[in-house]
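Just one chain is shown here, as structure tokens, and it is the form predicted on its own.
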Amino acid sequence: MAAHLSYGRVNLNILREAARKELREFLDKCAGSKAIVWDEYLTGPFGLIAQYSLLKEHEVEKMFTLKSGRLPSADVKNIIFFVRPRLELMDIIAENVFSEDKMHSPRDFHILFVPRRSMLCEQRLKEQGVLASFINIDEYILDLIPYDGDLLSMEYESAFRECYLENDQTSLYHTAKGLMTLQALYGTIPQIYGKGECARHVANMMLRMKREFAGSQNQILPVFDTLLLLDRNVDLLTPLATQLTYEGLIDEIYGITNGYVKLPPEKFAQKKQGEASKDLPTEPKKLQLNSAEELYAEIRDKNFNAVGAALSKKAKIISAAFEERHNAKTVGEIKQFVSQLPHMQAARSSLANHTSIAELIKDITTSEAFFDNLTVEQEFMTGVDTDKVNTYIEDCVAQKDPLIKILRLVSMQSVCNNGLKQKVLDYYKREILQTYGYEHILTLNNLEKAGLLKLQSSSRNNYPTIRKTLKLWMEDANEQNPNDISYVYSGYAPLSVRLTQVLARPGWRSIEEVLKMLPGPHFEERQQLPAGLHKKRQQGENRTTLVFFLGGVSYAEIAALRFLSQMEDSGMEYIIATTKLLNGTTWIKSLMDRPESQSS
């Protein structure tokens, strides 16, 4: 059992177990010894569902990464390809199968498509002449992956790009399917609210799917009271801003992938006295980050400026616990101390790790470059000089700072100013293309298409009104003992989370005017519960809302929603779901053309 998935109001282990059961059933279809050939992108998400031990129990003896050419040798009866439905991967599989057929005694080949089978892919395998080699062609529906006790992600990398650049709604279909799976396990969600075009599509698909399966309703008391669907493009500003929570900064600086972070090894080397430091490790230090680790759960959502104090308090508690051994006199006391030792040692090593990470981050956050960047971001958010060319951005371009940093800032200025004047926009574009290369014209077009860069139309700038009405800027944000969600960006309250907060109380009718200024429709739907199922709320029991971000969510937004869940008077518990966990850098990268040639 993954304990960190079941600590909240909603036991997400149920979802993980359902996914594991399906995986076991598929593996058992392929009788005998097995080798799995992985589409590399899937190994991270699968690691959150099933460890290698589960695969081993079902006779998986070898695992390889999908690469062109010959497969590594493996003395097994079955070869199973776990792949996304992508045409270019089918060509590699065909190559693998051909080389196997020449080399070995007959093998049984199988394909498992994640998350859906694809006619186009099967057609491609047929054209390549290998379709008949496959005994099983199946799909493994991995839509929503539990990351933590209150967090689900589809890890659908290209969802935002597909919806806003390519007009492709595949990710929305997967979202609706994922939400149907969730309702099958946790009961029908009686109320659905949404804001944005994509939200409207997902709600419509869900309601249609529900009508189609009308007869097969399950009699489960609903766990969720409300579903809120939010389009990423309703709030383009938040992911562009630098996150200032501990987890957010780890993601901004090092990148968190499938719950893991890789860190520079030298900071974690255990140096023995008198040893030369020539044998420093060269492999990055890989750490898993989730609430299973007590200390991480405690500090991840704090503003980084409050992390130091929390760590030193923890250090005092741990050293006091170790001092206790001097007071243990009787055998019973000594025995009790020894029984607590493993837990104390784990706490000590966790403290050492997070102290090292905090030092690494502090080196960056105390630098002049970081401070200057943050100052400009906060000026944009508060509406200072957003309508003219920004000298800091000019300097960054002149120094050839990373292109993504420039694109984040220019996009932010555009969003806070409801577009840029023609001459400002032209100036930025010209500078970027001359400095970074004309191939980036495609990227600039993509950012325009996605609404991140745009020309200011004659209409007035609505952003100041939105900022004021929704209190998006709080002058004296308390970073140490926060009393408002704005602490996650040291003053800026994420628009997406404010909308969530207002929906809970006093309701969206109170901000009707502002909702009209934001893109896309807003709506409310009710779903009938199966007869006889009505949720009686206990005195003082919180309501549970599932907030689904279509197009991605940042760790700082997650921290803000967790903060709302913990507020005494909120009466609301939030579970967060998304198509992808992102930050400004990964988000802009997903919109770039030729990102592989781009040094970030």
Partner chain sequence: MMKNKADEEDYWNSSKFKAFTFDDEDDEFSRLKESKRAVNSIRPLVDEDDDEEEVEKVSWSGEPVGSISWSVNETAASNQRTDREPAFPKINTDTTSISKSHSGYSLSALFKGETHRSLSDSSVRLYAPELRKPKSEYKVTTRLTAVSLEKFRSLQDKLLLLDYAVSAHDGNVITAVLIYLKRTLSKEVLFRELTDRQTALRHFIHYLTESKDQRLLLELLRALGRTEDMALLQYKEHLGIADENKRRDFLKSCLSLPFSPEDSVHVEDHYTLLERQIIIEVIPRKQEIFQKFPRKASILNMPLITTLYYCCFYHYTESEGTYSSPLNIRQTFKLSEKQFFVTALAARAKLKAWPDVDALFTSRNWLGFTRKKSPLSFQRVVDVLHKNSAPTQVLQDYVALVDDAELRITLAQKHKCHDIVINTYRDLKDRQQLLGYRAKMARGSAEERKINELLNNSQIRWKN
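Positions refer to the first chain, counted from 1. Computed from a predicted structure; not experimentally measured.
Only in words, not in the display: the form predicted in complex with its partner chain, which the text now covers.
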Among the candidate stretches 410-418, 373-381, 523-531, 501-509, which one is within 4.5 Å of its partner chain in the predicted bound form when only heavy atoms are counted? 373-381
Is it the case in the predicted bound form that 70, 286 and 308 each bring at least one heavy atom within 4.5 Å of its partner chain? yes
How about residue 200 - does it come within 4.5 Å of its partner chain in the predicted bound form, if we only consider non-hydrogen atoms? no
With heavy atoms only and a cut-off of 4.5 Å, decide whether residue 451 touches its partner chain in the predicted bound form. no
May I ask you to state whether residue 541 is within 4.5 Å of its partner chain in the predicted bound form, using heavy atom distances? no
Heavy atom to heavy atom, is residue 238 within 4.5 Å of its partner chain in the predicted bound form? no
Taking its partner chain in the predicted bound form as the reference, which of 349, 219, 483, 336 has a non-hydrogen atom within 4.5 Å? 349
Go through 141, 518, 89, 404 and name the one with a heavy atom inside 4.5 Å of its partner chain in the predicted bound form. 141
Need the contact residues for 126-163: heavy atom within 4.5 Å of its partner chain in the predicted bound form, sequence order, or none if there are none. 126, 127, 128, 131, 134, 135, 136, 137, 138, 139, 141
